[in-house]
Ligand SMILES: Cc1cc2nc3c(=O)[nH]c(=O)nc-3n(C[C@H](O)[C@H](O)[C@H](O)COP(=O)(O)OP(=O)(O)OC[C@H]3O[C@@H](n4cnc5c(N)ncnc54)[C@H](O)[C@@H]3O)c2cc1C
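Below you will find one chain, with nothing else, as structure tokens; this is the form predicted alone, and questions on how it binds or moves follow later.
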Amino acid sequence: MSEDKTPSGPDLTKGVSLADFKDGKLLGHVGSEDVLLVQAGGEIFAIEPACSHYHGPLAEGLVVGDTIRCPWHHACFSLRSGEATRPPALNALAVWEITQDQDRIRVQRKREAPKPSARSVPTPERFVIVGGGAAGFAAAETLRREGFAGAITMLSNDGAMPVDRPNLSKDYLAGNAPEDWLPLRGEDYYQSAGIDLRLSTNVAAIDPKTRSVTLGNGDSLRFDRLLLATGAEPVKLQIPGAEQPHVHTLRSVADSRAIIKAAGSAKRALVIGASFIGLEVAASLRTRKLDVHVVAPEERPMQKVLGSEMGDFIRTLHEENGVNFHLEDTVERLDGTRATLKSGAVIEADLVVVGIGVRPRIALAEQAGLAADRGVSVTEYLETSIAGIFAAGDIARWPDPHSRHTIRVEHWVVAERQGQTAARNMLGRRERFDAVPFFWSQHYDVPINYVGHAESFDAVAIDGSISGKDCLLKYSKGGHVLAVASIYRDLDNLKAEFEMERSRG
């Protein structure tokens, strides 16, 4: 906390009563530090009040058992230990000791942060993780957190350490976040945790019989357990002129850096595709004062996912911020900076960003003989058709107990949560992956939170006002609610997630 910030609420060292609590919570301070008191069941807990992910206000979150969930991006923390128990948060929060004398509750002192559990003597087991994204990183970190002492090798074809990928199209691209915010952990973490992170490393093949992977340079690496977390890659634009240097896709840190560099001298940007990524890029480039045009074949932006009413709102929101839409149209060719559309219209743009979707990287899995169906098929334990080989993240197609279908989801938080579950199952835990999918999208000052998964829906129930930026939308099919989206209804969104968890299977 900065020294010039006024501490919140009452001085908790002097004591408060339960009558001072509102909805089971009370925000106060100890010295210069803010502290959140939480009543859960018959107990009172004292915890740091800001989520360790993006500092969401836990006072506005949801208490479930002896945990508290962040209203912004659904991270979860243990009220007893402060441990981050669910992504996207990674770091634990501080907790304080309290005393309770009849109705008077006082916060005494901060507990010492638990020291990382020392790893036992290394075992012969060798775990290999192919992929340096959300799922791969979460798996490696979880293995060490769970006390695994064997060898962990993480193979990434990216040149950058695992990063907070959502930021690449949001605040970092907009110029509102420095690059040193991007790494999920610093380089020293991998060294101290004994994780052999190999960047810019391609995997050429996986041999399930010899339990080995062959690297691009011909080297071989044996494994006892393997996690495939190869992620997805942007779909390439297949039109004349698509290979020109001013045409970009966005997936990696290098991609985001290249777009930022190009934006420094560009005047007009053309975004091809009205996907979440495409429109987040459009918003970020408008923040950088570029003239932005979006071309997409849909009648409305993101109508398939969010419905017509929300699609109309998103279009209006972007138009109010200066974005020009060319919908129900496509780009047929790029001649230098000249883009010719199917309609015959021409757009001059010195920066082009293509956001027309991604496809899962499943070639390695298919070559290894793993069962695949528009993704790598896994069990509820995230194990593939070959024992000891697991898959997580954008490539995994798993049996979802809520929708009662096998699904594949390209969401950051889902990938992190799958990485954690896969890691525990690599250790033999037999933990089902049954988390409700969640993602968020940011458009200027408007956040959209979405829980569940609806590949299609036949009804949308709207509570509140979409245009007023205060709404909760429920997407259902055959009377069964499959997904919920919201704008500034964070607590309601958390409650919807919790209800879906309770109704699983």
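Bear in mind that the values here come from a model prediction, so they are computed numbers and not experimental data. Position 1 is the first residue in the sequence shown; the rest follow in order.
Below: the form predicted in complex with the ligand, not depicted.
Shown alone, this chain has one stretch from 455-463, 433-441, 29-37, 42-50 that lies within 4.5 Å of the ligand in the model of the complex by heavy atoms: 433-441. The closest heavy atom approach of F148 to the ligand in the model of the complex falls outside 4.5 Å. The ligand in the model of the complex comes within 4.5 Å of no heavy atom belonging to S284.
Within 4.5 Å of some heavy atom of the ligand in the model of the complex lies at least one heavy atom of E280. With a 4.5 Å cutoff on heavy atoms, G133 counts as touching the ligand in the model of the complex. Only one of I386, C76, L364, L237 comes within 4.5 Å of the ligand in the model of the complex through a heavy atom, and that residue is L364.
Taking a 4.5 Å heavy atom cutoff to the ligand in the model of the complex, the contact residue among G273, G231, G307, G82 is G231. Shown here without the ligand, the chain has L250, R251 in 247-268 lying with a heavy atom within 4.5 Å of that partner in the model of the complex.
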